[in-house]
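Let's start with one chain on its own, the form predicted on its own, as structure tokens.
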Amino acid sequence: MYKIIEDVFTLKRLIKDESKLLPEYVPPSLPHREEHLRRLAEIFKIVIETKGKTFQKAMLTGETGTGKTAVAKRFGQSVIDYATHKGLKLKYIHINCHKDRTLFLITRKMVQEICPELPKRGFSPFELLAMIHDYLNSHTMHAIITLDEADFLIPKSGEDLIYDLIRLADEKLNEPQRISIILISRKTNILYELDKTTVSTLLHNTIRFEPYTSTQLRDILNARIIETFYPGVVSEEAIELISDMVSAPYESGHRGDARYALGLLWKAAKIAERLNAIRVLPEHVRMARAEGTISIEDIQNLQLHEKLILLSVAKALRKKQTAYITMGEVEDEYIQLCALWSQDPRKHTQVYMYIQNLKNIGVINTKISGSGYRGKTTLIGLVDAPAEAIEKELIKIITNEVNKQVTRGRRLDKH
């Protein structure tokens, strides 16, 4: 056992700061997104000019890994610094709607970030928004709220939140407007689910993020390598291969995705370290690609039953050794897993919604069955990672989550 620990601890280290490759890290500079940052600053310039008395809206759209979240967070930090320099008290709150999917959770987070002393229960979301606005007004402050992954919120209740913010602005027409909003979405078609007034404003203030090209990905990788690795340990050929792979026209699901490219680089580096190599080479990239790249962040942000559905997909695919399995096979596996972890299984309609959410974040893909199947059914497959790897990771995550639920339940019983 000692030898195993010794071997791991004495592996040659190529990475000097692994945190710089994590999805939540926002680098000081964003190659090829300077104009997007400039455009966002132009939209919100009026907020600074009016000393935080004007309500503004903007929308960032584009596929996963195109820099939307990074630009919004970098803008948020920079605008706080600039506002402070100008004597304006400004708050920037970034909310992930994939994680906080209801009006209650979002308004509660706003209260926690802006005015934690206010009560969070016993009020409607609109009443909480009004209280937040009054708090900001009495403290001569302004808040910019970013709703990231708005695709998960708007079909359910996001329109209500945006409508409430606009209604709040209308009701306080002759007063300073203290709350502005940025929507981040993978698709522009969510606009059709909003009212015409909101759509009109957002269309004028929409910033589109296109997938990165091979050259742009190379620049991003090179900039991040300087922050992350010891000098000279990542070969130019490895960088070129990742850039070309991820930007290729046949790359379904990840084309032009910088987050995926960085994940591939991280996994290639870990493989190189495991093999005690002195540099990250193209072969390590190919090996990383063959293993697939799982976004642990995306999986951890899933609701418990979404995790159970994804685990059902992975287990069924591993058992059958096919590219796709049917919706019925997923549900059969799901019912067994719910029994194993003492969870009440959701009905078919809810399971179908979970499948759509998993598809939206790019973990699974679906298609309608063709010949060889009786009738029409939804076929489900995994996009990029081996079924066995996802299965192992999910079992650990779900076990931990269910154990925490049990512990919380015991504490409540004692009280």
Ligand SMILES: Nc1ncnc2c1ncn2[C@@H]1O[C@H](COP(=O)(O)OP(=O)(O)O)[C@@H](O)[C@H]1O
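Don't overthink the numbering: it's just position in the shown sequence, from 1. Everything numeric here is computed off the predicted structure, so don't read it as measured data.
A second form of this protein, the form predicted together with the ligand, is not displayed here; the remarks below concern that form.
- Comment: 255-263 is the region of 237-245, 76-84, 255-263, 96-104 lying near the ligand in the predicted complex, near meaning a non-hydrogen atom within 4.5 Å.
- Although the partner is absent here, I48 lies well away from the ligand in the predicted complex, with no heavy atom inside 4.5 Å.
- Not displayed here, the ligand is approached by T69 to within 4.5 Å at the level of heavy atoms in the predicted complex.
- T64 belongs to the set of residues with a heavy atom inside 4.5 Å of the ligand in the predicted complex.
- Taking non-hydrogen atoms only, R33 approaches the ligand to within 4.5 angstroms in the predicted complex.
- Comment: the ligand is not present in this chain, but in the predicted complex one of T377, Q350, S29, Q356 has a heavy atom within 4.5 Å of it, namely S29.
- This chain is displayed alone, yet in the predicted complex one of I220, V111, L302, V330 has a heavy atom within 4.5 Å of the ligand; that residue is I220.
- Taking a 4.5 Å heavy atom cutoff to the ligand in the predicted complex, the contacting residues in 208-233 are Y212, I220, R224.
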